[in-house]
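Consider the single chain below, provided in structure tokens and representing the form predicted on its own.
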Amino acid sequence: MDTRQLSYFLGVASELHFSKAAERLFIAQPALSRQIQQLEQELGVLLFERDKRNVKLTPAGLFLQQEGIKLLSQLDTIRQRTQQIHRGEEGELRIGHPGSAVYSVLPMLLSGLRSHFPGIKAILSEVLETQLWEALLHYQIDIGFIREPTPSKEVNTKVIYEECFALVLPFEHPLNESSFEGVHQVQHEPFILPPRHAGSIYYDTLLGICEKAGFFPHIVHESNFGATILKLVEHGLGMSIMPYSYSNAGIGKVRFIALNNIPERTQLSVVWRKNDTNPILQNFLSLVEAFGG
């Protein structure tokens, strides 16, 4: 029994009239009758009771009708989902990112993904940049957001976001936007910064901001994670310099002063493996392209 035979059978079972069923199924009545006879012979059962005036289903035919409708519906669902997966409209996308991406581009991109491709589930992992490269090249993630992309023959890179840095202070600190003149005003304050191994270019940029202001920061705590730094600042354990997007984190007892008067900026890029033909990745990249202009 194949799906064509089953469709023919269901057509006759619905009409209980061979001529009407043949017309609806766009098949000659003798050919339709032969298909039903072949199906009955294959199953070894009588599906219809026929006479010159009436056609009705036997108990076996009624069972086949009920199960056949469910089976064809399941096959149609399988067909549709297979096509959706082929088009990259259903499945999982594994994303690696720094904490700051959650406060800038990532929510907007995920919102676009949900709007255009509701069948795709994003699996997010906050990872360090050194771990992100390893995860990407070992196929543990499909795409990453990173602040320090390095040229590679194995990955593609695209800058999608640029922002200024901000001086991050405890809310009670006397310095505010109206009294702020420059970073030199906090040269004697304790600092909380990421360790150098977490990203050498990023770390050197932060130190460069301080050195241009005439001092080397007194670093009392180090952390790889922005959320941890914010909490330490909130509790008065020091201050920090962070991407301004962290001001969207909703930490109420922390003050952000944007460093718009200095040339240093930080960029966020997306990285993905070259020649990766995953259709889900390609659909997400189309959203990234639209976002980045």
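Quick note: we count residues from 1 along the sequence shown, nothing fancier. Note that this is a predicted model, so its numbers are computed, not measured.
Form predicted together with another copy of the chain: not shown, discussed below.
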Within 4.5 Å of another copy of the chain in the predicted bound form by heavy atoms, the stretch out of 37-45, 263-271, 246-254, 221-229 is 37-45
| request: Can you work out whether another copy of the chain is within 4.5 angstroms of a heavy atom in all three of A60, I78 and I85 in the predicted bound form? | output: yes
In the predicted bound form, the residue from N176, S200, Q74, S111 with a non-hydrogen atom within 4.5 Å of another copy of the chain is Q74
Q) Could you tell me if L32 has a non-hydrogen atom within 4.5 Å of another copy of the chain in the predicted bound form? A) no
Can you tell me if E67 lies within 4.5 angstroms of another copy of the chain in the predicted bound form, counting non-hydrogen atoms only? yes
Applying a 4.5 angstroms cut-off on non-hydrogen atoms, the residues of 1-17 near another copy of the chain in the predicted bound form are M1, D2, T3
